[in-house]
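Single chain ahead, by itself, as structure tokens, in the form predicted on its own.
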Amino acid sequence: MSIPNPGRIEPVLWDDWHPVAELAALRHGRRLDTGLLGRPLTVTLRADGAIDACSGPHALPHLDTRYGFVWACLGAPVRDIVKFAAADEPDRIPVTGGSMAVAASGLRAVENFLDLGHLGYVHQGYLGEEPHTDIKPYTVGPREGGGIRATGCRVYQPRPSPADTSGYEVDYIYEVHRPYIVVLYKANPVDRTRMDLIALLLQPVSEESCVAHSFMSYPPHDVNEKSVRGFQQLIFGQDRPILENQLPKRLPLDAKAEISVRADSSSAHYRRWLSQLGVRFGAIPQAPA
């Protein structure tokens, strides 16, 4: 049984899984009032450890946990919760980066995450700095299993991670798995044969608001969970005001809108892919030709 869909949200979103609460925060507060796809949502941790969720009078039949978060589907799931193969490597250390409410479409947040060009300005001193602001050509194409994948991305970073304070050119791979889920694979500062995994999991609360959850998975090289979590919140905290000041708050899907430089190649592919999927929630669809 699924929740009624009076707003006729597109099935690609309604019948998919979305993160709705960080388990650590839920264990602390026991109850969280939030929202998903325009519907109110209450998530509760019972005394026996079980998790319940409801949207108004309707109990959610589809709940699960993965990567330190509670996931919910309002409709009838047609596929599993997203999986990151690298995170399943047995020696890796998983870290959740918390949750942050953002007054902008979650699609805007995904596109911002993909934007290499902003690193040297918004995250100066951490993920970029002048004069190293030029973005070299990289390749974007379909991802096996659906979505898009950007490879060959290289960015000079003065402080690439909490574990490394020396600057160097860092290799990036981006993968968009679902409309509201994007992953960055980033060269590990200790073992350059492996990559850190940083996932941004967007919870679409309304068309113009979201909750940004983050999950990281690291090879076991002196990872301090507290410092990793703090670093991630610092970085996204720098992005938040940029996102909230963008207008319109929904993401225009016209590939020509707002995109004019080579560094936005991923953005153009992302918008095109959303249009092909028929995504409308949180977006401004492209006008018919």
Partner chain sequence: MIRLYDHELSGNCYKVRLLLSLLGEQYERVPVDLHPIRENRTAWFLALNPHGQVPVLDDSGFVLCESNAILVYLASRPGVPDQWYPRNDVQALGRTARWLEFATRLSGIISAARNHDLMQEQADIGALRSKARSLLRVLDEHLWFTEQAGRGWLAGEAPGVADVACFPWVMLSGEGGIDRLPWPAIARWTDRVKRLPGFVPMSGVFPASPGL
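Here the structure is a predicted model, which is why all the values come from computation and not from measurement. Numbering follows the first chain given and starts at 1.
The next section is about a form of this same protein that is not shown, the form predicted in complex with its partner chain.
- In the predicted bound form, its partner chain lies within 4.5 Å of some heavy atom of residue 241.
- Though the partner is left out of this view, residue 229 does reach within 4.5 Å of its partner chain in the predicted bound form, counting heavy atoms only.
- Within this chain, residue 65 is remote from the site of its partner chain in the predicted bound form, having no heavy atom within 4.5 Å.
- Put simply, residue 50 is far from its partner chain in the predicted bound form: not one heavy atom of it is within 4.5 Å.
- This chain is drawn without its partner chain; in the predicted bound form, the residue among 100, 173, 195, 190 with a heavy atom within 4.5 Å of it is 100.
- If you take 170 to 194 and check each residue for a heavy atom within 4.5 Å of its partner chain in the predicted bound form, you get nothing at all.
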